[in-house]
Structures are given as structure tokens and as C-alpha cells.
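Only one chain is given next, in C-alpha cells, and it is the form predicted on its own.
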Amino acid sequence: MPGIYHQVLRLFYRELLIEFRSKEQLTTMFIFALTTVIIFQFSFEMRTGNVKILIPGVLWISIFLSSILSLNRSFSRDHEENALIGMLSTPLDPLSIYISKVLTTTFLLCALDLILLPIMTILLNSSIFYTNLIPVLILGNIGISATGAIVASTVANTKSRETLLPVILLPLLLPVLLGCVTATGAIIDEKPLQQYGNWIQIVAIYDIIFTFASGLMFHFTIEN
């Protein structure tokens, strides 16, 4: 068997190939996120003239809710088609499966960001194209993907996985979401890095800890 690096690349390529052929996850994520943004835009535009203050919350709520759809479909598809059983019957390292899932979800969320940001700029009539926002989006997407992958694999075999995933995932992701919302708001308000840098550090530390811990525990969740 190839090393774990090559295993991750092959599994990541497999995930992307499935997605580009079906276009199921990204399309569903985009439609759901767009609907969320439009609902918020119409709801708050009638009540407040400054829609700009709503951008951080609307952006990260859309990303979080869309990630749930992606994570649910990614793991349920493998269980329905017995692909996971096939992978586990080979000498594949379970860690490579976990990393490939995290990379795929992160990639899809970053793609969603690229599509969603211009649309939010038009709908909310406020520019949100800031260079400082890129690391916040990447760190937030990694945190959601790393934590979501371990939770989604845990509940994938349950009948109520669509309900359990957000219920379990949201409390775990509160540090990430709070940090990203606060940092995004500070960046849009053009505040100096000193005022939101601590939140970025918290999100980065969270990503490292949960990615490492989830990688160690992942083989227990998929083999049971």
C-alpha cells in the first residue's frame, strides 16, 4: 500500500471526482446558503437601515448550516453504497479517510465562500471583499470540517443522523463560530488586528486540537 500521503491524495481525488460528476453537495449547499441569505436580507432590511452589521452572523450561519448538508451526504453516501466497508477491508489507514473527508469539506466550503461573498455583496449592498478575511474563512472552514467529520462519522449509522448532527455539532463549534463572527465583524468595520487577533488565535488553536484529537479517534467511530 502507498504511504498515508498518497492514500489521502487518492481518497481526496475520489471524493472530488464523485462531487464533480454529481454536483450534488455543492449545488445543495449553494441553494441552501443563498436561501438563508435572502431570507435574512428581506427580514432585516425592513427593520434596520444598516444591514452591514448583520453580515458576519448571516455569513457564518449560512456556512455552518450548509456544512451540515455536505457532511451528512458525504458519510451517508459511503454507508448506503457500502463504500466504507470496502475501504475498511483494505490496508488503508483510517486516518487517511478522515483527512480526505476534512479536505473535501473544506474545499467545498471554500468554493461556497467564493460564490457566496459576491452575492452577499450585491444583496446586502455592502462590500465584504477584504484580504484579512481570507485566513478567517479558511480557519473557520477547517474547524467546521474537522469537527464535523468526526461527529458525522459517529452518527452516520443512526436513523436520526440528520437531527443528531447539528444538535451535537453546534455546541462543539461555538468557539469557532463566535471567534469567526467576531473577527469578521471587526474586519468589516476596518478595526486594527489587535482588536480581533486573539479570536483568530483561539480558532487556530481549536482547529489544531480538534483535528489532532479527531484523527486519533476516527478509527473507533468508523469501525464500530
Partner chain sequence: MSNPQKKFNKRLLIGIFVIIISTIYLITLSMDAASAIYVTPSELLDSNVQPDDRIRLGGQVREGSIFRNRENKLELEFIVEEEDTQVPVKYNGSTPDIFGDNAIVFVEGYYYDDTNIFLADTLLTRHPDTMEPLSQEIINSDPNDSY
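As the structure is a computational prediction, the values presented were derived from the model and not from experiment. Numbering follows the first chain given and starts at 1.
Another form exists, predicted together with its partner chain; not displayed. Remarks below refer to it.
Annotated contacts: 17, 36 and 58 are all free of its partner chain in the predicted complex [non-hydrogen atom within 4.5 angstroms]. Checked against its partner chain in the predicted complex, the candidates 111, 133, 95, 123 yield a single residue with a heavy atom inside 4.5 Å, and that residue is 95. Its partner chain in the predicted complex is approached by residue 201, whose closest heavy atom lies within 4.5 angstroms of it. Taking the partner from elsewhere, residue 212 is found to have a heavy atom lying within 4.5 Å of its partner chain in the predicted complex. Within 4.5 angstroms of its partner chain in the predicted complex, the stretch 203-221 places a non-hydrogen atom from each of 205, 208, 209, 212, 213, 216, 219, taken in sequence order.
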